[in-house]
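Just the one chain here, the form predicted on its own, laid out as structure tokens.
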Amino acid sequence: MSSQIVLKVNKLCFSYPDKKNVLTDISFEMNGGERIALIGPNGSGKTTLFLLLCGILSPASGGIAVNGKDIKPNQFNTDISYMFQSPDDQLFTATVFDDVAFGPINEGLPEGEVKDRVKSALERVKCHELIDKSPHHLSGGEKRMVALATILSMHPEIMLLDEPTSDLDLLNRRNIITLFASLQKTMIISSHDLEFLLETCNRALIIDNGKIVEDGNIVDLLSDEGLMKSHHMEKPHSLYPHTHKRAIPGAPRDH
């Protein structure tokens, strides 16, 4: 992991017309190659923060900079890519190829490089056989993996991933964990799958009521049962000490 700061968020605030103070004074920095878990209860502001970081929404105040360059809302930015919570918001063209090629084409890359990037991205998510299919005819899990390929094809500096394991079976969930381990990418991952986050991230931001309430080592934070309960979450099962023997039919019980 690089010690260079690649993302700086400074006193970010945002309100919707019908909901005030959705985010208040959000500030944090992120080093290159770091993996941050963004966790919090439903409605805490996680998706809104992602939409601000990638420039889809405009902050009421505060700033966002990637590699020292301010993120400007509503402008195509190749440094930071967002995987939407719903793949149907990300897949909108006639074929899987067209969806995965959309970003590289808009970067102005030559046709040969676009094809290479599409092939590489789909192979990394083990979906190359879907290249000519319509995204609308895919299963929920296939859509999720193709949506991931659409951001991999852009070679972003920072990946924002909103519930990346939703709709996935256990095999594809494990494939994503393996893939993330192989990528030299800076990531912020939001998920209710805390066991997945424990396998993929080493730092966590806990957000609640639009504010970052904790920032630290992911195991330390998620191990704190009182902290988790106070923010309407549960301590992951894997972080409890396993003091009882697994029940085996016919085995004598401890007394």
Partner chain sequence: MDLDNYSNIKSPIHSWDARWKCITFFGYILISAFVNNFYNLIVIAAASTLLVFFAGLPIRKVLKSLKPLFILLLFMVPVISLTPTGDAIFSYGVIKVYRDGLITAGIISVRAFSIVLATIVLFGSTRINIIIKALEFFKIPPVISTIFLFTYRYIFLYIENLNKLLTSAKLRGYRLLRGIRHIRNTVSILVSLLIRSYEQSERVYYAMRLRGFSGSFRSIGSFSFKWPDIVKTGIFVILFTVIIWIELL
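Numbering follows the first chain given and starts at 1. Remember, it's a predicted structure, so these values are computed and weren't measured experimentally.
What comes next is about the form predicted in complex with its partner chain, which does not appear here.
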item	value
Single option in 134, 120, 178, 139 placed near its partner chain in the predicted bound form, where near means a heavy atom within 4.5 Å	134
Selected contact from 194, 221, 57, 30, since only one has a non-hydrogen atom within 4.5 angstroms of its partner chain in the predicted bound form	57
Region of this chain that lies against its partner chain in the predicted bound form, out of 226-234, 211-219, 194-202, 48-56 [heavy atom, 4.5 Å]	48-56
Partner contact for residue 90 in the predicted bound form: its partner chain, 4.5 angstroms, heavy atom	yes
4.5 Å heavy atom contact, residue 168 to its partner chain in the predicted bound form	no
Its partner chain contact at residue 126 in the predicted bound form, heavy atom, 4.5 Å	no
Close approach of residue 94 to its partner chain in the predicted bound form, 4.5 Å, heavy atom	yes
Contacts with its partner chain in the predicted bound form, stretch 78-117 (heavy atom within 4.5 Å)	82, 84, 88, 89, 90, 91, 92, 93, 94, 95, 97, 98, 99, 102, 103, 105, 106, 111, 114, 115
